[in-house]
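The form predicted on its own is given below as one chain in structure tokens.
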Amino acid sequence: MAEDTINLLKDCQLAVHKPNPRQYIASISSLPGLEVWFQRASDVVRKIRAGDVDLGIVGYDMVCEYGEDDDDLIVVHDALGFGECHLALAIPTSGIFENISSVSELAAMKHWSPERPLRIVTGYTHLGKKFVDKIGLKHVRLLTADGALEAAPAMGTADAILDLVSSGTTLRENSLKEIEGGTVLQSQGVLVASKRSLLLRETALDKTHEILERLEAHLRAKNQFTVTANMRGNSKDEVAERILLNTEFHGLQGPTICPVFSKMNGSVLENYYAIIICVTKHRLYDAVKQLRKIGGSGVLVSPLTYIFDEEPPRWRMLLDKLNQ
């Protein structure tokens, strides 16, 4: 996830400067005094828990697996928009599992006993044990492995796997299938922090605030466009009423309406108004059509880079977690 993380930070004007590609330490010039460390995903969580680092960007699955329900770990931003996947149980598509399509059916199979347990291979033993206990699967043995889990059932070293799934292509290519009730959690990149560090380490909370503000502003603006159109009207109120009553697109709080001045026969006229609204990418053409229908013309479209709120909602949530 390092490349996605670096690209996101760059888009937020937090470019990471790494002098040497073989180094594990870097910096962000716009945040003086901040050190950036490149670590394995599992070590990101471990080092936050140990107090070696204050903040980390990592998959939510790693937080849950290696965080082990530690109250000191706080998820500051839970949806960074990359690394989307889910942790799920998968079984072979044929053999004794051919007609099994749910966790309840898997649990009801007569094949499992203390002498012959259901063998699930996974790199998520903490989450795996919690999941097995939660769904009531009995006679289960969790086996550990770091990679190529999909091969284990075909090799006969396991009956099922518990692993991350994104598109599901790798499962299908290895004759495996997900089953109903087998999803453990949804995951994507998150910003996580040490509660202890935010409360006790000088400047840690302030830097976290700035990082969060930049992330929120950029992610909120993602796939958003500013649409500007000229519209003839007798007053701003008339134009505003036309937009609010006849279109689905009203901007963040409402349309911005400004007079457009034109020169005709030596006189300056104010008979057009520029209206500005914010529109999501997938509704962009719908917005253009609706504006044209009520007299809009000269429609200009430009992508948004940032949308800053008065206060990011997640900042208030963080302060609540810190009892601030």
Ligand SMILES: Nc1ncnc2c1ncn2[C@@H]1O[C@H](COP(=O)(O)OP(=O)(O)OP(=O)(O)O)[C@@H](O)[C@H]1O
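Keep in mind that what you see is a predicted model, and the values were worked out from it rather than measured. Just count from 1 along the sequence shown to find any residue number.
Form predicted in complex with the ligand: not shown, discussed below.
Three or more ligand atoms within 2.4 Å of the backbone or C-beta would mean blocked. So with the ligand superimposed as it binds in the predicted complex, which is it here, open or blocked? Judged by the transferred pose of the ligand in the predicted complex, this form is open (no ligand atom within 2.4 Å of backbone or C-beta).
Look at the stretches 78-86, 131-139, 205-213, 231-239 and give the one with heavy atoms within 4.5 Å of the ligand in the predicted complex. Result for this chain: 78-86.
Listed residue (S113, T157, S175, S166) with a non-hydrogen atom within 4.5 angstroms of the ligand in the predicted complex: For this set of options, the contacting one is S166.
Using a 4.5 Å cut on heavy atoms, which of L291, I28, M62, L55 is close to the ligand in the predicted complex? Spelling it out, the residue with a heavy atom inside the cut-off is M62.
Looking in the predicted complex, is the ligand within 4.5 angstroms of a heavy atom from every one of R220, F249 and L304? No: no residue has a heavy atom within 4.5 Å of the partner.
Residue-level contact is defined here as any heavy atom of the residue lying within 4.5 Å of the ligand in the predicted complex; does R40 satisfy this criterion? Residue-level check for R40: yes, a contact with the ligand.
Tell me, yes or no, whether F97 is in contact with the ligand in the predicted complex, where a contact means a heavy atom of each within 4.5 Å. Result no; F97 lies far from the ligand in the predicted complex.
Interface membership of T122, the ligand in the predicted complex, 4.5 Å heavy atom rule: Looking in the predicted complex, residue contacts with the ligand do not include T122, since no heavy atom lies within 4.5 Å.
May I ask you to check whether L319 falls inside a 4.5 Å heavy atom distance of the ligand in the predicted complex? Outside the cut-off, so no.
Could you run down 1-24 and flag each residue that has a heavy atom within 4.5 Å of the ligand in the predicted complex? The one in contact is M1.
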